[in-house]
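Form predicted on its own, single chain, as structure tokens, below.
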């Protein structure tokens, strides 16, 4: 290390110094900052280098600039052009020739004798000659060296040695004996846009029919797709579609005894008809699924398939691979438990299975995902990933994305914050969040500031589900139609990616008493829904999704900022597009029961607007337009009318140079 004098530290963005990759999307410009320095006063050069991780391409280089020389802070950028994984790092070295020239010129200008320095300079230049690769540059270099030798006056020699073309050649071909490279290399996962911007709609395919008491088929599900598309959704998320176990099958409302016609929970996977590679016969055949997948694609939607690593006692694995399961002392297989709860219809897999069996198990999980990828699925929602080893997910996602970088993984982990964060860092593309339980102004601001402005934004994308088959939040149970509309606006605008579970558009709020669980849940029975049920908010959902599509500011995740409002029940926040021309301001009444008003304060300085300038606010929900001056704006939000306003702010003039507050 004696010949590696450079210190390269505090690289941003990074996750734990490069232990885990950061995340970006195709087309992003990755800007990297670092502290780079060495002893002494010689001229330092810092270079950002990068390449695709799994391609044979050589490194590409871009020079970094000293953005704060006093703090040795350097910055460089490059464009992320492909849906792939990239490696990046920083190199630093001493620009020996420029350092020599700088000091020699100072001595010469001070009237000192520089004959020795000039001789040193000639040696530095000559040492470069053997590394020049083009004939044209070699000829130029030879001619210049001859001229330098012929010149006798120091001023003339220095003039030639300062020639920009000569300096450029020396710079490019010089050997840097003190070259220092930051290791280990850092990594960025470059996802496709749908990883950041999408609206998810979850529904049980068996409940898409019109006949009570039987499963709908994929053919019937396909008839439901145009209505889902019309509402503005991009991703159709399906709970498990595999054969359902019969042993210890659950009955209605999670009862322990099922009747002969009860379908059971689709999360108890596997029976004589197959396991994770098979289709529940009531839904149809594999060909029916493939046709359904193509029907989604034809509407520019994608299927997200649930990857639930659960096995019923009837799953083929139980007989074929009994060593993959947890065993009791008597040799029998343990069923799942969360004491005192028992889940006797599910056998959990042991990802630490002894005698090397875990290796076969891990590889089998990879094969399952690869199988469905071949069937056209590119999005997977993973059930309870926090109950499996982090190294397993890191390995699995990396292995699959080597060949299929467009695959998206959503982590369904409602667990401790450190576990949720490490799953995201390990490779999950998106993450469930605590949004479902954040209802008050202060906690919403604190939580989403953490998600979008702390280092978590470098690796964790929050997918905001307003409800799930397992979670009917208290606010939706008691808040009525206004609560559904309010929570929908929050989900759809706080994040660029969000989801709802079917029934939300019908304001379905019937719960098991004292619990956040749906009464008569379709997890345990067939359902037939009336999609035109009175009181639905389908038109409202369609409008909000249209607003999302038409306003680029809402396509981004990290550009969320909160603003001041004087009422604790009114949340005020905004987003701005990367080109700074689309400005969206959102106001939400968090109280579904009462009307509230407030003075709110529009951050004119950050938006590049003078206090005496006129600007226009257009309410994209009700169409009203207002001309405004100044930062104060008074609003009244009545939940019986509309619990939220979404304004587009149109400036009457643009002052780009002032407008740098919002980051993407």
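Keep in mind it's a predicted model, so treat the numbers as computed, not measured. Positions refer to the first chain, counted from 1.
Below: the form predicted together with another copy of the chain, not depicted.
J.: Is another copy of the chain close enough to 142, 376 and 529 in the model of the complex that each of the three has a heavy atom within 4.5 Å of it?
T.: No.
J.: Could you tell me which one of 342, 402, 297, 246 places a heavy atom within 4.5 Å of another copy of the chain in the model of the complex?
T.: Of the candidates 342, 402, 297, 246, 342 is the one lying within 4.5 Å of another copy of the chain in the model of the complex.
J.: Quick one: of 123, 272, 257, 212, which gets a non-hydrogen atom within 4.5 angstroms of another copy of the chain in the model of the complex?
T.: The residue in contact is 123.
J.: Name the stretch, out of 344 to 352, 161 to 169, 311 to 319, 509 to 517, where some heavy atom lies within 4.5 Å of another copy of the chain in the model of the complex.
T.: Among the candidates, contact is made by 344 to 352.
J.: Is residue 153 part of the interface with another copy of the chain in the model of the complex - any heavy atom within 4.5 Å?
T.: No.
J.: According to a 4.5 angstroms non-hydrogen atom cut-off, is residue 72 in contact with another copy of the chain in the model of the complex?
T.: Yes.
J.: State yes or no: in the model of the complex, is some non-hydrogen atom of residue 580 no more than 4.5 angstroms from a non-hydrogen atom of another copy of the chain?
T.: No, residue 580 stays farther than 4.5 Å from another copy of the chain in the model of the complex.
J.: Classify residue 45 as contacting or not contacting another copy of the chain in the model of the complex by the rule of any non-hydrogen atom within 4.5 angstroms, answering yes or no.
T.: No.
J.: Does anything in 292 to 329 come within 4.5 Å of another copy of the chain in the model of the complex by heavy atoms, and if so which residues, in order?
T.: Heavy-atom contacts to another copy of the chain in the model of the complex: 328, 329.
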